[in-house]
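Included below are structure tokens for two forms of one protein chain, each presented in isolation as structure 1 and structure 2.
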Structure 1
């Protein structure tokens, strides 16, 4: 025994087992204490409540939902809404961020000033404050009954933005958006992965066209399956009485979340892209010019791809962080995952179970997103001093 204790490896292992053992005991004690307290208050524990009807509705859902549906379904509604909000916001934040990053290193004084001002304003204001600002602006737009003279395909009102759209279910649109993200990831992989570096350019272009053609076919099929029966394919909004009819309505709550997250995230992504562009050595651009490429061609085909590959790990971290920011929806009344869980806690009293579902849901979503993007990063990442040679 004494000989074993004198061995450092044995002592380290004993300390680790002791730590894990204490941790397990604490968790078990916490579970029994919580259970006894719940029983003392006449509250039941477990996940049986998921099969009960909620008795309350939601203002926005990508799938059909009524007050007679279960807690399990309303949680699924919240998850889909958060994924819907996150997918739109992350794409827009990326577009804004790339544009701001390019402006910051363009060499044009006016563009650099605009980019710097944008970053300094929106990066330093709290996201919650920006969500309140955009929500206040959107809800103070003219009311539909005051827009009798308005014309055009799109109407901006205090009840939301009305625009032409297809008579299809929101869930089918969500699946089309997911397919678009998958097609973009495959296209980026084909374009940048080392395993395709020696592939003929003509064949690579053919594969890229095949990817986008496949996405187009899948999108058409999904939209056709999701078409709402007994309606025209295209729905055009029109004013009737005190409100607009038909068309697609984007609620002020959803639009405020999209705008605030996109603008806020765009400021951070802009700085990441700027850092990536500055990290590309001048020799890379000089080599492009020596090959006869124009300034724009050198930027598009050499500098920007290298910058994106260099900052991909930082972008992945930013995307995970931005998706978690979709929880601001509860502040302006958008039915996201966090708001559904909060309402369910108030209505059912199953606090610990619902918080566990919330944590598990975000863990699975963010881990899955990071896993996919990390696979893309492993395929396109730079090695050694590729940025400098």
Structure 2
């Protein structure tokens, strides 16, 4: 026995077995306690409740949802809402971040000052505080019934922001968006794939124009097919009684989430972009100038692409992190994945199952997001011993 303990291999094996063993025992113990606790409270376990009707509604949904729909569907609604909020906020945060990052390295002291102030203010305040603040501001805008003399295509009211929209079904809008993503992917492929590296530039340009034109045609056709019959094409909001009718209403909850996440995320992404732009060696820009490229051309064709390559891994982490922060929706009452789960727990009492769904959902979303972005990163990163600076 003692001799066995003196053998390093044996000790190592023992350590591994005991570590994994303790974890497994803990999990089994949790499961048994959970079962006895649930039995003591007379609760049933299992995923059967997913087929039950919820009996409660949601205030915002991208697909049709009524109180007689099932828990499975309400969870799906929540996931879609989270993805919707996440994609809008991430895109806006990227736009803000790139603008701020460029301002901070532009060499113009005034722009640098503004960029720095922006980053220091919004990065140093909790996201939740910003969401609360924006929500309070948006809900305290004038009420629709006090806005009789307001005019304009867009109305900012305490009940939400009303703007003109197209009278088309949501599904066709979704298809148009999907087509946009597809067109963008094809365009990116055309530009960066090795297969097209030897193609003439003029031909490449024609091809990418054709891609965008196709998208445009497809979009128009889709929207035309998706028209809601017997309505005008554009629906303009107008005041009737106590509230606005028609048009698109963006609720204060969604708006507060979008504004706060994109401003907060923009500050972080701005810092990442700045670091990336600074990491590109000076010689690169100087070589660009020496070749006769203008300042803007040097920036667009040399500095920015190199910076994007450099920051891509950091940016991926940031996106995953920002997507997780969409869970603050519950603080202002936006029906996101987390809020749907939390409400379902209150209503159905199936705590363990719902938490498992929540965690599983986030793991799948985050891992697939990271996987896709990592693929992009692998495609664009410098290979072999190409020059870096």
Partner chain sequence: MTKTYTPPSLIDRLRADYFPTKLNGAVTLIFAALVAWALWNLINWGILHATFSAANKENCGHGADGACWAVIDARWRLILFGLYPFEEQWRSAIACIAIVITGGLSCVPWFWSGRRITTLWLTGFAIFFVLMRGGMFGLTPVFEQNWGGLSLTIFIFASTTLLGMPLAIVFALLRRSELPWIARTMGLIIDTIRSLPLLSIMFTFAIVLPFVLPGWMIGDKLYRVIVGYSLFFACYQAEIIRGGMQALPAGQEEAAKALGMGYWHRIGYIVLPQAFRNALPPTINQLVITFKETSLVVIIGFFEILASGNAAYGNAEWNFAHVEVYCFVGFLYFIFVFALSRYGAHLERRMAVAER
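Given the structure is predicted, the values throughout are model-derived calculations rather than measurements. C-alpha atoms forming the largest set that superposes within 1.5 Å between two forms make up the rigid core. Residue numbers count along the first chain shown, from 1.
Q: Given that just one of these two is the form predicted alone, which number is it?
A: Answer to the question: structure 1 is the form predicted alone, whereas structure 2 comes from elsewhere.
Q: For residue 110, decide whether the Cα shift between structures 1 and 2 is 2 Å or greater, given a superposition on the rigid core.
A: The answer is no, as the C-alpha of residue 110 shifts between structures 1 and 2 by less than 2 Å after core alignment.
Q: Against the rigid core, is the Cα displacement of residue 212 between structures 1 and 2 at least 2 Å?
A: Comparing forms between structures 1 and 2, the residue 212 CA shifts at least 2 Å.
Q: After fitting the rigid core, is the C-alpha of residue 280 off by 2 Å or more between structures 1 and 2?
A: The answer is no; the displacement is under 2 Å.
Q: Enter the rigid core superposed C-alpha shift of residue 16 between structures 1 and 2, rounded to one decimal in Å.
A: Its C-alpha shift, to one decimal, is 2.7 Å.
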